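Below, in structure tokens: the form predicted alone, a single chain.
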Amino acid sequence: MSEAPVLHVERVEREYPGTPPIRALAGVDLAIEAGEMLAVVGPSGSGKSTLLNIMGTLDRPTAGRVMIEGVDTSTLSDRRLSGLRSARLGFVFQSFHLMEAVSALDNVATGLLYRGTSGRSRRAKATEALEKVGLGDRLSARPTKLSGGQRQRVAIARAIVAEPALVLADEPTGNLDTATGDGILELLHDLNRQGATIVVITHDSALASRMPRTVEIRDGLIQSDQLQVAVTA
């Protein structure tokens, strides 16, 4: 029997109250296998941010279900869902969301706070994650002393430190200049080649074209799901 996809979104709908109700997702099916790297691309209002929240279990669908490694998240209590999220999902955001008053090392170590890991082990794993993203020499630096690209690398290290099943990156290059953004994209490709499963949410079709797989969403529906013939990081 083959293993379950890392994430499987089945016939997912999401409506928000209003007159008439706002239908942000209108029946989405999407499966992501271990080791994949893909972009979910669409313009503002297409439903991609809602889909990110659904995939990341930050929101529950109005209809349909979300399976993470074969676990039906609709059957979980909020507490168990939070535990699954912290253990199996990593998040990277456009605005970094780092704690300014503590070091890069401590920012990354927070990704292990809810896993029962000892303080010494948290710091060792955080050091390893920062070395993996090229910041082994900036462990003690606070975010205020780091460039935008370095801040995003810290955020990526925090997302991967617990070795999650899936990393969800929301516009990870959106606040960066082109050259710095290209470096972040190259880093994500490197992490994928090392085995990380990564989904990038973006409005940038040029960025999406550099992914092995591109899923286009519009008006709450998937319009296309394509593998790229050739990809350059």
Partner chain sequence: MTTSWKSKLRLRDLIGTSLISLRSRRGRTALTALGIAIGIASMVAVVGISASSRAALLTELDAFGTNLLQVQASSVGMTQEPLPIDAQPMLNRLADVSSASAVTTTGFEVHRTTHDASVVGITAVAVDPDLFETMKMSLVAGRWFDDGTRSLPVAVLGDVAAERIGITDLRGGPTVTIAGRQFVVVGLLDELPLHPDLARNVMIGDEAAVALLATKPNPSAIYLRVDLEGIDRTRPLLAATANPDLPTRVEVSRPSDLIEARAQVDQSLQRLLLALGGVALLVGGVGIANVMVISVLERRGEIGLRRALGATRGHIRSQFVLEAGVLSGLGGLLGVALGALITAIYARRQEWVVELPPLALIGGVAAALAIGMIAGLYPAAKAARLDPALAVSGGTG
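This one's a predicted model, so the numbers in the text were calculated from it and none came from an experiment. Positions refer to the first chain, counted from 1.
There is another form of this protein, the form predicted together with the partner chain, and it is not shown here; the text below is about that form.
Novice: Does at least one non-hydrogen atom of residue 145 fall within 4.5 angstroms of the partner chain in the model of the complex?
Specialist: Looking in the model of the complex, residue contacts with the partner chain do not include residue 145, since no heavy atom lies within 4.5 Å.
Novice: Does the partner chain come within 4.5 Å of any heavy atom of residue 115 in the model of the complex?
Specialist: Yes, residue 115 is a contact residue.
Novice: Quick one: does residue 78 come within 4.5 Å of the partner chain in the model of the complex, counting heavy atoms only?
Specialist: Although the partner chain is absent here, residue 78 would touch it in the model of the complex, with heavy atoms inside 4.5 Å.
Novice: With the partner left out here, check for me: in the model of the complex, does some heavy atom of residue 83 sit within 4.5 Å of the partner chain?
Specialist: Although the partner chain is absent here, residue 83 would touch it in the model of the complex, with heavy atoms inside 4.5 Å.
Novice: Ok, 26, 63, 58, 31: which has a heavy atom sitting within 4.5 Å of the partner chain in the model of the complex?
Specialist: Flagged contact: 58.
Novice: Taking heavy atoms and a 4.5 Å limit, what residues of 74-104 are near the partner chain in the model of the complex?
Specialist: Read in sequence order, the residues that approach the partner chain (within 4.5 Å, in the model of the complex) are 76, 78, 79, 80, 82, 83, 84, 85, 86, 87, 88, 91, 93, 95, 97, 98, 99, 101, 102.
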